[in-house]
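Read on for two forms of one protein chain; each stands alone as structure tokens, with the labels structure 1 and structure 2.
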Structure 1
Amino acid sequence: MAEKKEKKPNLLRLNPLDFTKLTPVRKARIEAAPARELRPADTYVPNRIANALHPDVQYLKVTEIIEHDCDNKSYILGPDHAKGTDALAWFSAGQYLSLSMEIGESFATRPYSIASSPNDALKGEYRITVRRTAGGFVSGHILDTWKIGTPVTASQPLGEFTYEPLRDAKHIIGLAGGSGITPFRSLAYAVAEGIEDAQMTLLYGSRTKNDALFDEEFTALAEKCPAFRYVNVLSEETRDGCEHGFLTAELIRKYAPEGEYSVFVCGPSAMYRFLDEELPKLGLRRKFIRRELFGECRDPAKEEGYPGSKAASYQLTVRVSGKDTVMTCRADESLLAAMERAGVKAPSHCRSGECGWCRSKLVSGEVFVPKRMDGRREADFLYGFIHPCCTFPLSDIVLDVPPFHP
């Protein structure tokens, strides 16, 4: 009824012929534009910042070597201008570089935490510290062969073991063990230099005070900087001013501030296992416990759910851009380790299942992935993609791997 009285909404006031103007108007706009060359994408502000923060590759060389003892050396790495790297990418304290290198017939990548202050990157310096590990293929190679001037191929800074102001408590309790101290050196400087607006209490577990890397440096920094506190925790030595024992919940509680704090953990796997028992006693919410990468799994048989292997080794066929290479993969080594041994260049960074850089298609075969390391995306389960760095063969395997770039 009301409809009859009211005018029905209509478009009568719009001129339909305006439609015919669309093309001539556009043509005129195009005609009026210059036919000049287009600015390269790299010259725009967001692209410039992106490229500075995330270079595809950083060509570095060793500029200085600091020998802590025969099994621990720090290397200062600077830009290799001759190869086209003019500046080092900025990073967040706690990040790592993935170094790639050819060793004899093999090819390997390894993640090394940056141990220096982010500010040092502006001066053209990254520092990594390498500890000799029993049977450590790459660490031995570095310690025995790197000299001043040795070229080093590195990724951009990577990793999530960083302080995030909207997520983490303002007070960090750093739990370090052995060579796991390196990211904390960077974080300590970042705190001291005001790069991160946070406080840190570093509990550093070593066997003896002599084994504690950077001990004098940390002591001096703590004296100078109220936001940084440093505590030695010695398991095999009793010493004044140092704690004796392990990184227990009780010890953490002793040094924890009132109110909220975030625990950052980096150390050897034995320490992680120990803390798996200790940390729950603190009743912290999950968000307040951050762990650095677990590192490689070297013994799948010890992992929960391992079904056992019928054979000691299998045939692994690796397909890169349509070309196949056949090799042997032991049941107790990751697919990535087998590829590296065979000298096949395969992408990888974190070697802990997390970053997904090695993501590859499992064309055929049965595999085992330790549950604790399985960082795959949900859809990758549906379509048979795996992370070779933490995947072990249970049969012959055909794997399609993306091509590698340094």
Structure 2
Amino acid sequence: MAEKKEKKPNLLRLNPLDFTKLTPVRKARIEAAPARELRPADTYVPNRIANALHPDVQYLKVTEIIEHDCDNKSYILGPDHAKGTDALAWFSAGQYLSLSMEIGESFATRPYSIASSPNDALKGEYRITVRRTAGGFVSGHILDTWKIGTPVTASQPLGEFTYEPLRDAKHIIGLAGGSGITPFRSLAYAVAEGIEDAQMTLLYGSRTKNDALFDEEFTALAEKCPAFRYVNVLSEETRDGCEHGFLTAELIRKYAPEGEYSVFVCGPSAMYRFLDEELPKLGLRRKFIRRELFGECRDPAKEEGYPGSKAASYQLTVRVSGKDTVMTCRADESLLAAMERAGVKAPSHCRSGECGWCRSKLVSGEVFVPKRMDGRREADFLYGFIHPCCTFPLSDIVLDVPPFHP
């Protein structure tokens, strides 16, 4: 006789009210269970893994300084064991660290791409490269004051400028300009070391070959790694073995493989604006074009839709945990920049309007947000939340900011 199969319940015919009968049963089981002291949260393996990969803060220190020229230095950062950081969090090539620091009476955060191979994190090393920018408050401080042993407070690795095989094509065309080369150094080593199963052709735009950071390193890596190709693109110099001009669609097609490929872009804002006209000519699907964060907007007057300011500066009232701090905010500086200049420890990571870490409530006042940087959710528009890192005053402002404990 054939074995009678158990009839499975028809879930579509279950009465939702039947689930309410489970509450007394669960309550009785909980009351009948023996009282036992809970184990500490950090004794559970999943919690230990989560804490190792996503620490709230990493206490680091400078272990080595590599000078490239008068305006560029690389810093090797290791764990500061004395402050409780014993190992560095793993990262994906292309991610960044958000560094926080006090400079005089000001407090500032800045994102810096990790320029080293992910494997170096296992050896206790991150590498960031800092380029001096005109009027750069933090870059100048780092280049002029950091030395061996300088303590550094950093976030966990952040950002999504990373290779994802479920989304990206197997071949990457990297378009770099200026200091935007740093995440590509990390990705190049990840490809060469087999961390990422991909191929990459890197087109590096510079004014002259002497301006190209890591040039000898990339050249040597390309010679020994078939999966990595390196091309200098010089705008102000003609040299053998280098392309002359700009990162145009025509040049990209010259080095692109047949079939699908992804384009990764990282560089200055002028390069982004130029590529806004060039990349559509390639006819790529939207998912195959990846851009690193834009970085701070330093001149709202150049942004589309800027209505102009009626005054040179406004009063900014910042409310943190019910305590008000009043300061002046120039019309051409972001609310976040004004807060940091006044020494307010405001939350911030990407400084590009995307991550949402600085999300704050606009209590009153009128503001301008550049359209290209407005990464707010639809609900934020409805309930009056903004990202201070890319928001500029058009009147006196009252802002409710969440507390930040770096």
Partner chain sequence: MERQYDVIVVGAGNGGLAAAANTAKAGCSTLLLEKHNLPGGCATSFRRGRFEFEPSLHELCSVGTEDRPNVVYKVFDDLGAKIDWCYEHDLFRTIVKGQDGYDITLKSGVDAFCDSMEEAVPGCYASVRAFLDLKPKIDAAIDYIYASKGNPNPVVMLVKHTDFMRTAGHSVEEVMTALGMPQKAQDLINTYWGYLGVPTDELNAMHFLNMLYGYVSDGAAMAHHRSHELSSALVDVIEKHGGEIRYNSEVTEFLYREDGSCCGVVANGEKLYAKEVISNVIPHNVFNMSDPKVIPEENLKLANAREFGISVATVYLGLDCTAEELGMNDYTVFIKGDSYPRDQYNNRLEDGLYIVNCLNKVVPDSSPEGTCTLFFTMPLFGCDMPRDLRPQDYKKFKNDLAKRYIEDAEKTLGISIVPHIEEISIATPVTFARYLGTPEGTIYGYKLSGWDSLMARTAGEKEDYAIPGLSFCGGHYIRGDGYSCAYIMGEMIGKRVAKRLKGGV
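Only the largest set of C-alpha atoms that superpose within 1.5 Å between the two forms is called the rigid core. One-based numbering along structure 1's sequence throughout. Since we're looking at a predicted model, the values are computed, not measured.
Participant: Look at both copies of the chain and name the one that is the form predicted in complex with the partner chain.
Facilitator: Pick structure 1 here.
Participant: Answer yes if the Cα of residue 70 shifts by 2 angstroms or more between structure 1 and structure 2 on a rigid-core superposition, and no otherwise.
Facilitator: For residue 70, whose C-alpha is compared between structure 1 and structure 2 after core superposition, the shift is less than 2 Å.
Participant: Taking the rigid core as reference, does residue 54 move its C-alpha 2 Å or further between structure 1 and structure 2?
Facilitator: No, the C-alpha moves less than 2 Å.
Participant: When you overlay the rigid core, is the Cα of residue 384 off by 2 Å or more between structure 1 and structure 2?
Facilitator: No: residue 384 shifts by under 2 Å between structure 1 and structure 2.
Participant: Quick one: how many Å does the C-alpha of residue 37 shift between structure 1 and structure 2 once the rigid core is superposed?
Facilitator: Its C-alpha shift, to one decimal, is 2.6 Å.
Participant: After superposing on the rigid core, how much does the Cα of residue 25 shift between structure 1 and structure 2, in Å?
Facilitator: Rounded to one decimal, the shift is 8.8 Å.
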